[in-house]
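As a starting point, one isolated chain is supplied in structure tokens, in the form predicted alone.
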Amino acid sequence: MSWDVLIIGGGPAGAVAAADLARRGYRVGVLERKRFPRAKLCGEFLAPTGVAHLQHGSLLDPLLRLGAHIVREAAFISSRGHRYTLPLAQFPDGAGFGLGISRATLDHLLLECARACGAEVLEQVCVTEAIASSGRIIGVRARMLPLGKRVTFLASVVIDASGRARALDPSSRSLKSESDSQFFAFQAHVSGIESIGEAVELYFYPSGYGGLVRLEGDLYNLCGLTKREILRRAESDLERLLTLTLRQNPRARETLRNARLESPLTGCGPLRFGLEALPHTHVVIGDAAALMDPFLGQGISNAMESGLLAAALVDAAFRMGDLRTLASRYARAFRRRFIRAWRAAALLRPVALHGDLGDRLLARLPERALAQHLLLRLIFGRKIG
């Protein structure tokens, strides 16, 4: 089986790229390991820039009908209770608000949109090996689950949107680089939350930080970042984990007072954030390209944007008749587009993870307009508001 473009992974990055390329008239195949809808460990907050992409694709209204919750502000709360609130209308190039939406709902809608645009989507396909020729990946060998039938797929262009696993070159994200990180993520859906209104709240505590946002109905996403030792001590018990993490924050402790677990507690790690070298044998998008620090709240939006960036460059490469240099041109464009956000994250990460520094910053920000402006310029890199 062959296509013009083969995309490995049907999450937001892969689905958006597939839909865009199919609209442009290319034959697109998407291989997804899971069967959708499926749950995904994530903060499940879509920033205003991502909402703007949905509006452009006429997908916002369907998501709202499916129960997406409008989020109008982000609240950052220090370990001692100091609060800084950012109106999401200040995000540049955005819709003026964000969304709380489960990945099961969002990803399913985006993948169905790719199908409707003409992409051929095959689910429950496990990629086992990349096929290379003349320095480029031109296809994959895979197993069709659950029976394990072996199949070969070929394409003029191959895009890896498989997330942290990097299905096409898993060894490129070195074990050493991730083992250097001591941080692990955890997530669960909960109910019984004291109202947080139209806000996404980010709580800082001694071992990391965590967030809370309302999803469909009365369901809330509760997620966090903490150290390996804390997870070991919690022994997969949510109440014990919350006591060791989010309930160290006074605001979170009050908000989560009556929280009830509504989904299994999941975790992953160790996590390493920031830009890494991208391959020149194929195009890599979404989390397969780089992990975004969760406290910036732009992971899903950036994944979608990387998919659109890849689609535009793939289209240009076909038109120019130059697929050989596509991956290297994309790697340079990706770095130019996202380098400022990752540099900002690298500067802010020590503050976010250092209780005293974070507390002092959040205690002073509400009264210092210039500091707020500089912080937002650091993150977004252009005029705010």
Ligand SMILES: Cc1cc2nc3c(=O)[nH]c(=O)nc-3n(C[C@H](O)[C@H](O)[C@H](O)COP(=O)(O)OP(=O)(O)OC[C@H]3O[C@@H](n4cnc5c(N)ncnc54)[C@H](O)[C@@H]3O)c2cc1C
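Please read all numbers here as calculations on a predicted model, not as lab measurements. Quick note: we count residues from 1 along the sequence shown, nothing fancier.
A second form of this protein, the form predicted in complex with this ligand, is not displayed here; the remarks below concern that form.
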Using heavy atoms only and a 4.5 Å cut-off, determine which of V190, L275, A234, A185 is in contact with this ligand in the predicted complex.
A185
Heavy atom within 4.5 Å of this ligand in the predicted complex: which of L246, V125, V158, I77 fits that? Just give me the one.
V125
Stretch in contact, per heavy atom within 4.5 angstroms of this ligand in the predicted complex, of 315 to 323, 31 to 39, 331 to 339, 66 to 74:
31 to 39
Each of I8, L225 and I300 near this ligand in the predicted complex, meaning some heavy atom within 4.5 Å?
yes
Would G286 count as touching this ligand in the predicted complex under a 4.5 Å heavy atom rule?
yes
Is there a non-hydrogen atom of H282 within 4.5 angstroms of a non-hydrogen atom of this ligand in the predicted complex?
no
In the predicted complex, does G100 come within 4.5 Å of this ligand, counting heavy atoms only?
no
This ligand contact at L271 in the predicted complex, heavy atom, 4.5 Å
yes
